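Presented as structure tokens, the chain that follows is alone, the form predicted alone.
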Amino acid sequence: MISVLVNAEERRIREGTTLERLLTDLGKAHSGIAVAMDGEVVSRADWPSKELSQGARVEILTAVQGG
């Protein structure tokens, strides 16, 4: 198990967990969100192959409509 920060909240996940798996495990819809890891935006196409490492910082941003 490794520790990562997801929106500033510490989480323990299995080593080798990908960004896509993390989002699925958190119940996040894969549309309408953007994800940054360690301060860099990660392309949606890279989510399935982007493995999280010890201490990674993940920010999940949700698009909001309004006026």
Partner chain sequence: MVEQHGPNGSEDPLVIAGHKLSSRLIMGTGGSGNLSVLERALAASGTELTTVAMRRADAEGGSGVLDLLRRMDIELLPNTAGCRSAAEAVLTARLAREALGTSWVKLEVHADDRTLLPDPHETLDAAEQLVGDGFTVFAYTNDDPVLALRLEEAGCAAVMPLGSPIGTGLGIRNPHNIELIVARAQVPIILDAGIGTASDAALAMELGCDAVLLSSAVTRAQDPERMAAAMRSAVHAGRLASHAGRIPQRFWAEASSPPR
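In this text the structure is predicted, and so the values were computed from the model without any measurement. Positions refer to the first chain, counted from 1.
Omitted here: the form predicted in complex with its partner chain. The next part is about that form.
Although the partner is absent here, residue 43 sits close enough that one of its heavy atoms falls within 4.5 Å of its partner chain in the predicted bound form. Taking non-hydrogen atoms only, residue 51 never approaches its partner chain to within 4.5 angstroms in the predicted bound form.
The closest heavy atom approach of residue 25 to its partner chain in the predicted bound form falls outside 4.5 Å. Mapping the unseen interface onto this chain, residue 7 counts among the residues with a heavy atom inside 4.5 Å of its partner chain in the predicted bound form. Counting a residue when any of its non-hydrogen atoms is within 4.5 Å of its partner chain in the predicted bound form, the hits in 42 to 63 run 42, 43, 44, 59, 60, 61, 62, 63.
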